[in-house]
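Just one chain is shown here, as structure tokens, and it is the form predicted alone.
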């Protein structure tokens, strides 16, 4: 892990570069996958599943028996923990549902909006090196709360061609029973364009590696909506002398173990904390089951000493981390200065891991600096707003003349005339 002591601007810029930035080399591969799945359907899916996942199932759809049997393979304490997590996620996302409010913008003019669920959504759940069943709950629960009519899940199978029982049980908790054992860019292609067995959806959700993320970027060009750029995981921790170095190191490693292209950064105004956290990282990394992955990720990562916490916050806002932890003496004060972050964790006991599983807010968050302009997933992400407006006779008499002036100024005679004919009708009626 790089250690930077009062670095200059060039050093900071280099440290903040994401490891996945500029990977144009994946475009050729992803474009081929998208094009072939679009034209060849299931045949291309089988070929790519064999190539990338090591297994090509006869049927991509997970059968009902596997779903029903999944619960038996989940130990009771874990089942209860998943139920508790589901309850917290449901509570947080239920609170985001709002009623319709009518606004009278002018006399005789009434306007309102209505939230309508997106009818068909596809949820991508990474499998690969770890069965991310928590992502199933984070995606499927708000989709169900929103009222989406058709919800499907695509997730890569293991080498035996089976989807993890943990993923299947999490899906059943959320009320989703249509699951396909296919992953990678080919899964994104299948949901975007449809195949013989996998239906086309209207919007695709879920995180993934850079191939999945790039596939989502490219299908957007074909008019398929996606949630956000959510690729390799990242965390930035701002630390002062009051932080617990063991906690900080554990938080950094919790994200480093996601993948070799993950990135973790610590910013601090304490020289002592640099040394303490470095030592803790070495000690704790050696005990990790995913040690080799974490160590590769740490090569992309940095411990950075700056002059003040205010400077740390400025650097953090420039970086716009997916996860931001404020391990400082006054995290609420410092949180007020945060303008770019996916999800913020305040204080020494708010580990990022609790947010991944149990607190309730969504853990599907913008990465790669997109937290400057994107929000994390919410119930509203699975909905769209339809606007309504009603203009009465009195309302048209009120706002019609101004509308005519505005349309005329833009030289749109048809727009102006649509109001003029109505005003003429009302004036004629009054004069009869």
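Positions refer to the first chain, counted from 1. What you see is a predicted model, and the numbers here were worked out from it, not measured in a lab.
Keep in mind that the form predicted in complex with another copy of the chain is missing from the display, and what follows is about it.
- Between 34-42, 50-58, 367-375, 63-71, the stretch whose residues reach within 4.5 angstroms of another copy of the chain in the model of the complex through a non-hydrogen atom is 367-375.
- This chain is drawn without another copy of the chain; in the model of the complex, the residue among 260, 152, 118, 315 with a heavy atom within 4.5 Å of it is 118.
- In the model of the complex, another copy of the chain lies within 4.5 Å of some heavy atom of residue 247.
- In the model of the complex, another copy of the chain stays beyond 4.5 Å of every heavy atom belonging to residue 3.
- For the chain shown alone, residue 85 is a contact residue for another copy of the chain in the model of the complex, at least one non-hydrogen atom being within 4.5 angstroms.
- At the 4.5 Å threshold, heavy atoms of residue 25 stay clear of another copy of the chain in the model of the complex, well away from it.
- Judged against another copy of the chain in the model of the complex with a 4.5 angstroms heavy atom cut-off, the residues 145, 286 and 299 are out of contact without exception.
- Contacts of stretch 391-410 with another copy of the chain in the model of the complex, defined by any heavy atom lying within 4.5 Å, are made by 391, 392, 393, 396, 399, 402, 403, 405, 406, 407, 409, 410, listed in sequence order.
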